[in-house]
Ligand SMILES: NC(=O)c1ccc[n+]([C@@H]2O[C@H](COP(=O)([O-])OP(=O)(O)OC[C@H]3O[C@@H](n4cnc5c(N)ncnc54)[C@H](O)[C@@H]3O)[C@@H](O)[C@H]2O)c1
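Only one chain comes next, encoded as C-alpha cells, the form predicted alone.
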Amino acid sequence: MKIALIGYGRMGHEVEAVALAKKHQIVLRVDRDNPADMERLKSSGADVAMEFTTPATAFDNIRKCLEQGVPVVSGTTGWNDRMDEIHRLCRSVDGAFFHAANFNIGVNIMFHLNRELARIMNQFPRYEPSIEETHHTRKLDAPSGTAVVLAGDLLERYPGKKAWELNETSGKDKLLVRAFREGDVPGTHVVRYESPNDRLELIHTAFSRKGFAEGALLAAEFLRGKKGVFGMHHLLKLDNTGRS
C-alpha cells in the first residue's frame, strides 16, 4: 500500500515505522515546512493519506485529500465542530474518510464498555460519575478527543447529567471532566463512579504511541476500496452507537 503522511511529527514518525515494518511504502510526507506539497498528493500515487496534524489545520488537510480523490484516515482531534462538513464533502465526492479520536484498540473497547457501564450505573444515583485524562505536555487540546467521546457517550445514557464541564462544575447536573498534562504520558483515561461507600473505575493506560500507530494502519488497510464515512466501530465490528 502506498501511503502519504500528512503531518510528520511524533505520530507521523510512529505510523511510518509501523508501515515500513509491514512492507508498505511512504510516497509523500507533508509537514509545516512543505505545505504546498499537498498539491502533489494525487500525483504521488498514494492509496491512502494518513492525517495527524493540528486542530487548526486538520479540516483543510482532509478537504484537500478528498478533493484529490485520495482516501484519508485522520486522528486529529479538537475540530469536531466542522466534522459534519467533512462528512458531507466526503459523500458529495464519493470519497472515503475514516476518523477516530483514538486508534488504540483497547481504548475503543473501553468506549464500548463505557456505554454499557453508564446504562447500568444510571440505576444507582448514589454513584457520582466523572472522567479524568492525562497526556503529555505537547498535546494541544483539552480535554482529549477520547475524553470528549467518553463524556458524550456517558451523557446519552445517564440522564441525571446534562453536559460536561472541564476541571470544575457549576451544578449537580454537570459531569466533571479533568484534564492533566504531564511529562511524556502517551495517554491515560479513567471513567469513575464514586459513592460514599466505594469507587468503581474503568481505566485505560497506553504504554507507548505504537498501539495508536498500529490501529491507524489497520484503519488505512480497512479503508482501501471503500466509499463513505467510517470509524473504529466499523473496523472492530462493535455496536454502531459508538462515536469514532
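Keep in mind that this is a model prediction, so the values were computed, not measured. From 1 onward, residues are counted along the sequence shown.
The discussion below concerns the form predicted in complex with this ligand, not included here.
S.K.: Hey, of 114 to 122, 68 to 76, 168 to 176, 85 to 93, which bit sits against this ligand in the model of the complex at 4.5 Å between non-hydrogen atoms?
M.R.: In short, 68 to 76.
S.K.: Look at the candidate spot formed by 19, 23 and 97 and say whether this ligand comes within 4.5 Å of a heavy atom in all three of them in the model of the complex.
M.R.: The answer is no; none of 19, 23 and 97 reaches this ligand.
S.K.: Only one of 128, 141, 156, 132 gets a heavy atom within 4.5 Å of this ligand in the model of the complex. Which one?
M.R.: In short, 141.
S.K.: Determine whether any heavy atom of residue 11 comes within 4.5 Å of a heavy atom of this ligand in the model of the complex, and answer yes or no.
M.R.: Residue-level check for residue 11: yes, a contact with this ligand.
S.K.: State yes or no: in the model of the complex, is some non-hydrogen atom of residue 151 no more than 4.5 angstroms from a non-hydrogen atom of this ligand?
M.R.: No.
S.K.: Mark residue 30 yes when one of its heavy atoms lies within 4.5 Å of a heavy atom of this ligand in the model of the complex, and no otherwise.
M.R.: Residue 30: yes, in contact with this ligand in the model of the complex.
S.K.: Given that the partner is absent here, does residue 44 sit within 4.5 Å of this ligand in the model of the complex, heavy atoms only?
M.R.: No - in the model of the complex, heavy atoms of residue 44 and this ligand never come within 4.5 Å of each other.
S.K.: Taking only heavy atoms into account, state which residues of 49 to 86 are within 4.5 Å of this ligand in the model of the complex, ordered by sequence.
M.R.: Sequence-ordered list: 52, 53, 54, 57, 61, 75, 76, 77.
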